[in-house]
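In the block that follows, a single chain appears as structure tokens, in the form predicted on its own.
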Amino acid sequence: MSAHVLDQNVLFTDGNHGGQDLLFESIASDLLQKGFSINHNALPIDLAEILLQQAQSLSPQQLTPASTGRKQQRTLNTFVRSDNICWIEGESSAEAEWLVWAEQLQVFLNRRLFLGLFSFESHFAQYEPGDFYKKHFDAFKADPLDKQAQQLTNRVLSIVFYLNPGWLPTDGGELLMYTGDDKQEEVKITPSFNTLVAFLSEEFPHEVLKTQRTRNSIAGWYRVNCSRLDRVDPPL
């Protein structure tokens, strides 16, 4: 597992077992044991529904083709991915509530697992019929001898939240994660409404299979703080 994590002695419970705490405990325990977590009926239903409403109301002008890479290395490559995205800035009540929820998860995981999560970013992702995202990592482990690589803020934890009521097996669009020591075991996740997936960004290659109907989700990433005297993190 990632060097940022995970001490087998870290996880504990504190007697506060509301619905959210149970979810957060489940995520923490799964990350500790296997590095990823899949949770159905995850968010409060009111929050899930207003996020669904916003995703469905996004106009073509609000959506932009998704790119790969970071900063100056960002490129459009429709052979790798063909979805459209809209970054979440907290401008609507749905976005603001989502960011509050994400911050609460961040605080909880930092307390439980000492991950050092510092910042969070997320966007809506919309896949139209025929869209896909080929096999990739969300982050790569930096070579400690590579000064340029050290200047990047790797994503530590990825989360995906699905907004698709009534999704059928024939609709496709599953998230396919590659797990196991050799990363050859396939875990297929249906993008059903109010399903949340969390996984260590550097550890699991994954892909989005071609969808047969419009598919909405939120993708998010937690980062650590790599600020230095000559550089403020996270970069733009």
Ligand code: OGA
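In case it trips you up, residue 1 is the first one in the sequence shown, and so on. What you see is a predicted model, and the numbers here were worked out from it, not measured in a lab.
Here the subject shifts to the form predicted together with N-oxalylglycine, a form of this protein not shown in this document.
A single residue from the set F108, W101, F120, Y133 has any heavy atom within 4.5 angstroms of N-oxalylglycine in the predicted bound form; that residue is Y133. Here is the short version: of A55, L32, L47, L175, the single residue with a heavy atom within 4.5 Å of N-oxalylglycine in the predicted bound form is L175. From the list 205 to 213, 56 to 64, 24 to 32, 178 to 186, the contact stretch for N-oxalylglycine in the predicted bound form under a 4.5 Å heavy atom rule is 205 to 213. For E95, no non-hydrogen atom is located within 4.5 Å of N-oxalylglycine in the predicted bound form, even though that partner is not displayed.
In the predicted bound form, at least one heavy atom of R81 sits within 4.5 Å of a heavy atom of N-oxalylglycine. Remark: V224 does not count among the residues lining N-oxalylglycine in the predicted bound form, judged by a heavy atom distance of 4.5 Å or less. A residue is said to contact a partner when one of its heavy atoms sits within 4.5 Å of a partner heavy atom; V160 meets this definition for N-oxalylglycine in the predicted bound form.
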